[in-house]
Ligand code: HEM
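This document starts with one chain, in the form predicted on its own, laid out as structure tokens.
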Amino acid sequence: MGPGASLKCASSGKNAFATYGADAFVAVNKAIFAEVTAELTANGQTNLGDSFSRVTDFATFEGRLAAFLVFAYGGPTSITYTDGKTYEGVQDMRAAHAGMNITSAQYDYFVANIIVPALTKSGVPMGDVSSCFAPLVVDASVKASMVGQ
């Protein structure tokens, strides 16, 4: 089980995957990419840095992120994404973020201004954002696996 599998949503008392299911995770993942696109269009690399410009295969990146989120929050270890490909959710976050040089400020901005709006715009109530989503992304060890790599 992923690191967020034991987190319980305020609305259901179950983990995020059991509460929302695969389709909702795919919708949130799509919303994350819409938020990133809007941010980069509006502000360039000012707030997020250049890590997204280093992605060479955006379709695979999107599928891998969806699979990771599903796994991390209590779902299966792999999913078949909207492109018809199967992606593995169990990933080494340090290796996945190697060379991106993401700063703490960029990570915090991404969580507050990309992830949270993607969740709420996808219909996740703030009580669940706080109870079953946020604890994982604000965990110091999770953040450390992505920042400064």
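Note that residue numbering begins at 1 and tracks the sequence as displayed. Every value quoted in this text rests on a predicted model; they were computed, and no experiment measured them.
Heads up, the form predicted in complex with this ligand isn't pictured, but that's what we're talking about next.
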query: Would Y81 count as touching this ligand in the model of the complex under a 4.5 Å heavy atom rule?
result: no
query: So in the model of the complex, does any heavy atom of A34 sit within 4.5 Å of this ligand?
result: no
query: Applying a 4.5 Å heavy atom distance criterion, does S122 contact this ligand in the model of the complex?
result: no
field: Contact of A5 with this ligand in the model of the complex (heavy atom, 4.5 Å)
entry: no
- prompt: in the model of the complex, does each residue in the set V26, V70 and A118 place a non-hydrogen atom within 4.5 angstroms of this ligand?
  reply: no
field: Stretch 98-135: residues contacting this ligand in the model of the complex, 4.5 Å heavy atom cut-off
entry: M100, I102, Q106, Y107, F110, V111, I115
